[in-house]
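Presented below, as structure tokens, is a lone chain in the form predicted on its own.
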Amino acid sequence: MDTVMQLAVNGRNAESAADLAAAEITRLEKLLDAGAEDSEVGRINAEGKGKLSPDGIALMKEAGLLYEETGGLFDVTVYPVVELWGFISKEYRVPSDGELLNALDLVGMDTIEAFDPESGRLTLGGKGRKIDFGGIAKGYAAERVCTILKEKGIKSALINLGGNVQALGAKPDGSAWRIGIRNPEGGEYLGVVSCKDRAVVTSGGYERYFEQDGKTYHHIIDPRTGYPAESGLVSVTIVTADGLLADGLSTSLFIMGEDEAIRFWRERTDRFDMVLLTADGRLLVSEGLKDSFVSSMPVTLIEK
């Protein structure tokens, strides 16, 4: 998953449970890594078709729901465009307009030729079409880890998959976990979220980027344009009980920008909360976090 991962597991059977959780993360990475030729996703991308495992089926279903809900802003088929920019090979470059137009012709979950959620059979359709579950894979992995830990009787754990943080239960003393939100400028945290049984997932253009001719290009691609999103947001944090949802929405709302993200939240206040950092330095926090989020910065509360 191209990141540092940390598991903090408390209670009886903690060590064996943590070993099982780590093994599950490794299994999922080998299965879902779009950049690996021998992975399930890698083989499907190379051949244009194939059969997804139960994990792949679950992710494909969730990806389809997120695609519809976000108006196509969450799109697992944007992979060919991401490749063009070099964010996969790390050979970074700015593609030509012609290259981007050709790649954008391959994008759109609604253009996938066939997907049978019962058998898992998937046909991408058209040479060059590819998928990548990277936008929700860490959230899915964190949910799977929580399931495994619960099955082992664990009631207190903190899973950190490179900024995708999932809290299982509370701390051993019963108090809430305190999860810091990274400041893109460095230094102290933007703020701290206190929570139990919640995922706290942050996306930002500062995570992966390169510079060319004095301009910075980050890895969060807007599937409508093929370019890195320029939404006026620098960082988006989603807080919800569903780690996969948090993973997908953190990217999608980053692309949306402030006004659309707020509208989107107001239509779904029972499903998630959010912390937005704008390019002009404003920190916006949704109403559901008013008693659980603290910051040394001025905070604007977003009301329902």
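The first residue of the shown sequence is 1; numbering continues from there. Quantities reported herein were computed from a predicted structural model and do not represent experimental measurements.
Form predicted together with a small molecule: not shown, discussed below.
Colleague: Tell me, which of 179, 234, 157, 82 has a heavy atom within 4.5 angstroms of the small molecule in the predicted bound form?
Modeller: Of the listed residues, the single hit is 82.
Colleague: Out of 135, 191, 226, 169, which one falls within 4.5 Å of the small molecule in the predicted bound form, going by heavy atoms?
Modeller: In short, 135.
Colleague: Among 213-221, 113-121, 171-179, 90-98, which stretch has residues whose heavy atoms lie within 4.5 Å of the small molecule in the predicted bound form?
Modeller: So the stretch in question is 213-221.
Colleague: Give a yes or no on whether every one of 7, 10 and 199 sits within 4.5 angstroms of the small molecule in the predicted bound form by heavy atom.
Modeller: Not one of the three qualifies.
Colleague: Just to confirm, residue 73 within 4.5 Å of the small molecule in the predicted bound form by heavy atoms?
Modeller: Residue 73: contacts the small molecule in the predicted bound form.
Colleague: Would residue 32 count as a contact of the small molecule in the predicted bound form, using a 4.5 angstroms cut-off between non-hydrogen atoms?
Modeller: Output for residue 32 is no: heavy atoms all beyond 4.5 Å of the small molecule.
Colleague: In the predicted bound form, is there a heavy atom of the small molecule that lies within 4.5 Å of any heavy atom of residue 145, even though the partner is absent here?
Modeller: Contact check for residue 145: no, nothing within 4.5 Å of the small molecule in the predicted bound form.
Colleague: Please determine whether residue 208 contacts the small molecule in the predicted bound form, using a 4.5 Å cut-off between heavy atoms.
Modeller: Contact check for residue 208: yes, within 4.5 Å of the small molecule in the predicted bound form.
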